[in-house]
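Just one chain is shown here, as structure tokens, and it is the form predicted on its own.
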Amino acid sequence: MKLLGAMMQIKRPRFYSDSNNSVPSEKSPPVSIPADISGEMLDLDEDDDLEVFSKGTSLTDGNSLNPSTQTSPASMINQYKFQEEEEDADAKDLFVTVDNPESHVTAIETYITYRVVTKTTRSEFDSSEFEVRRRYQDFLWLRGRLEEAHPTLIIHPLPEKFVMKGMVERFNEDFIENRRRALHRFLNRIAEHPIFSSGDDFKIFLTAAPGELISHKKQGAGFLSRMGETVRAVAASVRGVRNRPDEFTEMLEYSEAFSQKISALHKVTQRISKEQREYLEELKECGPTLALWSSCEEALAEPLRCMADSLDRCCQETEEQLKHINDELIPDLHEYVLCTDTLKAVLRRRDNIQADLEAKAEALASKKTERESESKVLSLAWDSLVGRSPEEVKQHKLHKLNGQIKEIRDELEKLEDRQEWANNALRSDWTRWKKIMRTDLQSAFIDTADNNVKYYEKCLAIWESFLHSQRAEAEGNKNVDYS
């Protein structure tokens, strides 16, 4: 409510006056998740193939390490503290968890539901704990309702739909787990938002039984109403805005720049993951090769076995590092790649509201001009046809124009209030989103750096142990008396 109050503090001047120059320039029994049910027909959609940079792209490291550089996590990473203090967990009064995915197979479709557990101390809830099951379409409905009710507030994205392309992508546990994490994160974004979390749609999503949720979903705007909104939005985008405030122009420019940078970083990270996976596969082949070699090379048997063991241990550490990249860093970056589309959509909707306001202000000015430049020739012509006096015809038309002007003025006032709310909402939510974004990415980068330091320290320890053992053996062989 504090955010809503702040949104309504600024009052913009009216766009109109009495002068002419005032125009501004289904439920089924759950079954366990199969390892592979790719032969079934799925109603889900999958992301398109991910684009990565070519092999020719190079990344340079500005500084090389030296022995005096402190590299341990205790001395570097763990001592780092965020500039922004995190919110006190005790202040939260709404906790949402998405877990326990279940597969449902019917004669028509195969789909997954997720358990949504809610714990809260809020008085508007009938109980302190709720447990429901929801499928992806229900999450999609919730986001649509929030977007419809708050067009200029920033809603974090859902994971994309899944498109089955032949046998390339499979409906497997990795996909289900990745989606579960994304849905969990989405709901917690909503739960932490001061406006979204207090809405009826969110409450119903968290608490309603399946039948009640279906009934509530049918109460939304109909297809024709949504189509009308789409047509108006397209018309407004074509018409454009003439006097967008500088702060929203800056937001648009920031969104474009952020989109380019986060997309580039996302692609580079995917390329690193791909090359690391290829490296890991090749590394796995070295250990067995060395082990086989040791069986037929008696003089080198011990060094070869130690080498094979060191490579196997490095493989395990590399797998852990690759898992962190794929499970933690890439999803964080991908979420904000999707966020860029959300930002642009929010700014377009704000522009559409301003375009409607400018068009209505032009219509008001046009009617005022028509009222003041009433043509006597038209009145006389009309008088000759209907047998009424010119003054009577003129007064009738003026009365009609005054009614139209009053109706347009009322609509203009509503549009002004709507734009004022939309501007203040976006202004406040933009600041909030940037703070969350910076904290998220900062945390992701620090965790990645911490993980990389630990990875290289462990690999270094493995090879130092191997080197120490071989040197000790070599020294022992030198001291052997062969006489």
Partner chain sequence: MERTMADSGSEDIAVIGNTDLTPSESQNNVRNTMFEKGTNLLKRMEISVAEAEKRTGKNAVNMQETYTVYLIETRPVDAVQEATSPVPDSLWRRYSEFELLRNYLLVTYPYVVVPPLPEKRAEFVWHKLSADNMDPDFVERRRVGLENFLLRVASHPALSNDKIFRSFLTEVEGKSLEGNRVRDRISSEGIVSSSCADSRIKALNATFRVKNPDKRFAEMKHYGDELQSVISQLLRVRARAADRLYGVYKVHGNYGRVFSEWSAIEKEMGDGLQSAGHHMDAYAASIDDILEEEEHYADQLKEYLFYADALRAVCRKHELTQYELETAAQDLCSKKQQQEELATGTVRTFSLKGMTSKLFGQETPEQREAKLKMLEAQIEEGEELVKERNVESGEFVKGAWADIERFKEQKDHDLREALINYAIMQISMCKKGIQVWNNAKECFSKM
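Numbering follows the first chain given and starts at 1. In this text, all values refer to a predicted model and were calculated from it rather than measured experimentally.
We do not show the form predicted together with its partner chain, though everything after this point is about it.
Colleague: Work out which of the listed stretches, 133-141, 108-116, 194-202, 253-261, brings a heavy atom within 4.5 angstroms of its partner chain in the model of the complex.
Modeller: The contacting stretch here is 253-261.
Colleague: Run the contact test on Phe248, Ala361 and Asn423 with a 4.5 Å heavy atom cut-off to its partner chain in the model of the complex and return yes or no.
Modeller: No, because Phe248, Ala361 and Asn423 lack any heavy atom that approaches its partner chain to within 4.5 Å in the model of the complex.
Colleague: Using the partner position in the model of the complex, report whether Pro101 sits within 4.5 Å of its partner chain, counting heavy atoms only.
Modeller: Pro101: no, not in contact with its partner chain in the model of the complex.
Colleague: Is there a non-hydrogen atom of Asp417 within 4.5 angstroms of a non-hydrogen atom of its partner chain in the model of the complex?
Modeller: No, Asp417 stays farther than 4.5 Å from its partner chain in the model of the complex.
Colleague: With the partner left out here, check for me: in the model of the complex, does some heavy atom of Thr97 sit within 4.5 Å of its partner chain?
Modeller: It does not: once its partner chain is placed as it appears in the model of the complex, Thr97 has no heavy atom within 4.5 Å of it.
Colleague: Examine Pro157 and determine whether its closest non-hydrogen atom to its partner chain in the model of the complex is within 4.5 angstroms.
Modeller: No, no contact at 4.5 Å.
Colleague: Taking 4.5 Å between heavy atoms as the contact cutoff, choose which of Thr269, Thr207, Thr342, Asn326 touches its partner chain in the model of the complex.
Modeller: Of the candidates Thr269, Thr207, Thr342, Asn326, Thr269 is the one lying within 4.5 Å of its partner chain in the model of the complex.
Colleague: For 446-473: residues with a non-hydrogen atom within 4.5 angstroms of its partner chain in the model of the complex?
Modeller: Heavy-atom contacts within 4.5 Å come from Ile446, Ala449, Asp450, Asn452, Val453, Tyr456, Glu457, Cys459, Leu460, Trp463, Glu464, Phe466, Leu467, His468, Gln470, Arg471, Glu473.
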